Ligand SMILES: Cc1cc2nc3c(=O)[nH]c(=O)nc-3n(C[C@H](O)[C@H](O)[C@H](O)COP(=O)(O)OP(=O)(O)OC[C@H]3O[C@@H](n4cnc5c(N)ncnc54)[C@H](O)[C@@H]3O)c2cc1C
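Quick setup: one chain, the form predicted alone, written in structure tokens, and binding and motion questions come after.
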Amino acid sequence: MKSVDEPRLREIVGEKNIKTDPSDLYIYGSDSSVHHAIPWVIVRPDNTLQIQKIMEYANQDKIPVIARGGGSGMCGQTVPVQGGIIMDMKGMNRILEINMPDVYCRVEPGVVDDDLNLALKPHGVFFPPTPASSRIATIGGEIANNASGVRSVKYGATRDAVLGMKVVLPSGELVTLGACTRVEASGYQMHKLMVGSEGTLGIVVEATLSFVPIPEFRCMGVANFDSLAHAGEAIGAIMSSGAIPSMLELVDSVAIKAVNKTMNLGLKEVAASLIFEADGMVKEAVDYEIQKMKKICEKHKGADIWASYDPKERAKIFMGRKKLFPALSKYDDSLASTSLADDMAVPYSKMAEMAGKIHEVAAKNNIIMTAYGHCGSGCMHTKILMDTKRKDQWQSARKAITEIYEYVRSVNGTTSAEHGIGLSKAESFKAEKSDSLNLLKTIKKALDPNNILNPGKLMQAPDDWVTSSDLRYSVNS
């Protein structure tokens, strides 16, 4: 294993901002994915100059550097598969400016999403990507993965809210990308390229973000369906009707059962439920959108349809959806909920078919999978519930996700809607982008010629993560 110059790093960040204890290295070796690898050292810089110095040193000695935020990534983006330096960005957590007249804010990458929205709330605005992990997810991580969430159907993903940024390149050079204006038509949109690059092209040290007004009215509704097919038909009909939902979520029977068991919500255990929401500044406009969606659900055999402006009622339903991922771990106490094929996107007309395919493939491979997601954005989430101690279950999961992603590509879908690629989805990503992989590699080589920024991810990641990557689970041979 190649060593690092610890005294030099201590000189840059200070004694209290460097960790080398084996227990710390172990903890920082995993994120919220199934993967694990040990870094050589952890540093927590608290300013841009420190990052520049770290990158200059790492580039000179060809040492891998992996920028890490809250560690909520589900695909192994921050797992240091080639060792190196984990750069913990949570020390850079300052909100630098909230500019109401020009409708933007400037923040450092370690700012947590919920903390940013807490600061924006007194101004009557919010940062809209809304990932489910907003309590711990940092802005830098959201930029790295182009994160989004339940309200992406109306407000878009992180890329749509990024106006500009400051980035430290592998050489240590600091560059300013984008602008503070809503539109920019000059040259290559390099700041947009950085969004979704998973830390492979540069280290974001400051971001300029747009925000939107907090709506005065929000109304949320639920419709139950006895078949996934009918729910899928309703999704397509809503999105093609001209309706403007601020949320449109699908949950299947597995997800409903898990939430009821964990949170005792008393939801009706049907084949599928749609959660729909409209928001705005004028109540009559919100009423119009809600009534439109309710009628569409009725037309497609939705039942028990109700909607409410009551914050307590809305919070109860929304919390069930927001806590769905951890709730799945309680579906069956003998099974673990794993993130593998977990956020593909397909055309609206294929949402129900996609959900059915997930259950079909799961049964075929003797595992349990759930289907839920931001169906208003075409995003389908799934988690694989399995006995992680059994090697044959991992092999079954491997076969299942290959089949699922083959289906996704066959209907012109895409590998990841919001969680990124990392290690888990490299095989499908490379198959989907087969005719542009050389272009991606050329861009990577141009910006990072020594391949030190998060190496072994995206197009560099191995296809078979089961055999070529360590897992953070103890698997019997």
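All residue numbers are counted from 1 along the displayed sequence. This is a predicted model, so every value here is computed, not measured.
The form predicted in complex with the named molecule exists for this protein as well; it is not shown, and the discussion that follows is about that form.
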item	value
In the predicted bound form, H300 touching the named molecule (heavy atom, 4.5 Å)	no
4.5 Å heavy atom contact, V286 to the named molecule in the predicted bound form	no
The named molecule contact at T370 in the predicted bound form, heavy atom, 4.5 Å	no
Partner contact for S72 in the predicted bound form: the named molecule, 4.5 angstroms, heavy atom	yes
Single option in I358, L328, M89, M351 placed near the named molecule in the predicted bound form, where near means a heavy atom within 4.5 Å	M89
In the predicted bound form, the residue from G221, P128, P109, G232 that sits within 4.5 Å of the named molecule by heavy atoms	P109
All of A67, G141 and E418 within 4.5 Å of the named molecule in the predicted bound form, heavy atom check	yes
Stretch from 402 to 410, 73 to 81, 255 to 263, 119 to 127 whose residues place a heavy atom within 4.5 Å of the named molecule in the predicted bound form	73 to 81
Neighbours of the named molecule in the predicted bound form among 176 to 213 [non-hydrogen atom within 4.5 angstroms]	E198, G199, G202, I203, V204
